[in-house]
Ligand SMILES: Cc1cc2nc3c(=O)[nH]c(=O)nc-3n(C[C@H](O)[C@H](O)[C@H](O)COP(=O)(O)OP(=O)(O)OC[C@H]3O[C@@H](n4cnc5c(N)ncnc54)[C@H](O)[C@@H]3O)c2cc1C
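We begin with a single chain expressed as structure tokens, specifically the form predicted on its own.
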């Protein structure tokens, strides 16, 4: 079956209005919000362009697409709202881009089980607002909450700003429905835990659409908190802040907010003159008595390391703007402007040295290199670097972005760190997948061969 015949078959199965081969739709589906892709678009380049864009609004339609794609050997790259910042939904081998943003519908809330079930194309912010009106929350807050879908969170193994208490999507998902490469539908999950084999729902979480396509999701929900306490503190050094976070995590405390900014990023997040060194944001929430005790214990740890309170205003201000991308977007819109975010992770014992080397090595490639630590665990933490710069033109900006990625990834691998904490691999990290996974990479290859023997699901991602 040729691409033309596949297009005819798709139009017959889904209707002509759901299938497009127009230049405008194909160009639109060849970019996401990865800064490299944004600069390509500024330069009028569309290096990863699909042949067909298909919009599905039901599981049955996704099944139809996969059956036709399998029969024709046509690659399929699933896409939600295109908010990926690493090139995950870019179809590097053409074929079909399957737009899932039409997979929407009314959520189903179970207050007894504390779960909500929703179609995978629902935008996260819409679901959070719907839950808030009923006294509930997902407690999953990626910065892209209002630009990303529930299914996208599963595919990219997303995490959110309050993960130090509530965990990432892998901790929050209860079950999901997915369509496999041959059109088979499966529902993977546990009720609420099981010892009947491995936890199969983990298989597609973070698979970036290479093993199957998520069409419906059930996630945990939580009552809106009774009490919330926040404060900001200055600390004498980066090492002191890292020590505070480690001790909080290893003490078994679960503050919902733990964000520690180095001196360069602190200058952006607190009012001028408020602090001259690194800054820690700390917050606890839940039942009143428990919240007060937990916050006091965490703040006590911070004070033993030299922390001094600068009040809650910086945290309150950040809470009001935490989904704002405008600084990065304005810079990227300028001729020669560029910005990049690189989020990695490591064990506590290796984290400070990795941070120091990354900050030093990346300085030549940007006007500013900002860093913060968040998403803490008993064994380590994420490190998030933001790079801002202006080059002579967009070609030079593109070259600097490419240098940023190669430099950063080589350092992380050398320090035995995780090359991605929550943005995923996509195209940005494709060259480092095998080195990152090590002896686990052949296991991933075997899963791919079993789930997608013809290699049609998002080929060219996760090293495959």
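Numbering follows the first chain given and starts at 1. Bear in mind that the values here come from a model prediction, so they are computed numbers and not experimental data.
One more form of this protein exists, namely the form predicted together with the ligand; it is left out here, but the text below deals with it.
**Student:** Please determine whether residue 155 contacts the ligand in the predicted complex, using a 4.5 Å cut-off between heavy atoms.
**Tutor:** Output for residue 155 is yes: heavy atoms within 4.5 Å of the ligand.
**Student:** With heavy atoms only and a cut-off of 4.5 Å, decide whether residue 130 touches the ligand in the predicted complex.
**Tutor:** Output for residue 130 is no: heavy atoms all beyond 4.5 Å of the ligand.
**Student:** Is residue 41 close enough to touch the ligand in the predicted complex, meaning at least one heavy atom pair within 4.5 Å?
**Tutor:** No - in the predicted complex, heavy atoms of residue 41 and the ligand never come within 4.5 Å of each other.
**Student:** With the partner left out here, check for me: in the predicted complex, does some heavy atom of residue 241 sit within 4.5 Å of the ligand?
**Tutor:** Answer no; every heavy atom of residue 241 is more than 4.5 Å from the ligand in the predicted complex.
**Student:** Could you work out which of 291, 312, 115, 148 is the residue within 4.5 angstroms of the ligand in the predicted complex, going by heavy atoms?
**Tutor:** Selected residue: 148.
**Student:** Which one of 380, 212, 91, 278 is close to the ligand in the predicted complex, taking close to mean a heavy atom within 4.5 Å?
**Tutor:** None of the other options qualify; the answer is 212.
**Student:** Please state whether all three residues 83, 422 and 458 have a non-hydrogen atom within 4.5 angstroms of the ligand in the predicted complex.
**Tutor:** Result yes, every residue of the spot touches the ligand.
**Student:** Using a 4.5 Å heavy atom cut-off, indicate which stretch of 140-148, 385-393, 220-228, 247-255 touches the ligand in the predicted complex.
**Tutor:** In short, 140-148.
**Student:** Where, within 303-326, is there a heavy atom within 4.5 Å of the ligand in the predicted complex? Residue list please.
**Tutor:** Heavy-atom contacts to the ligand in the predicted complex: only 325.
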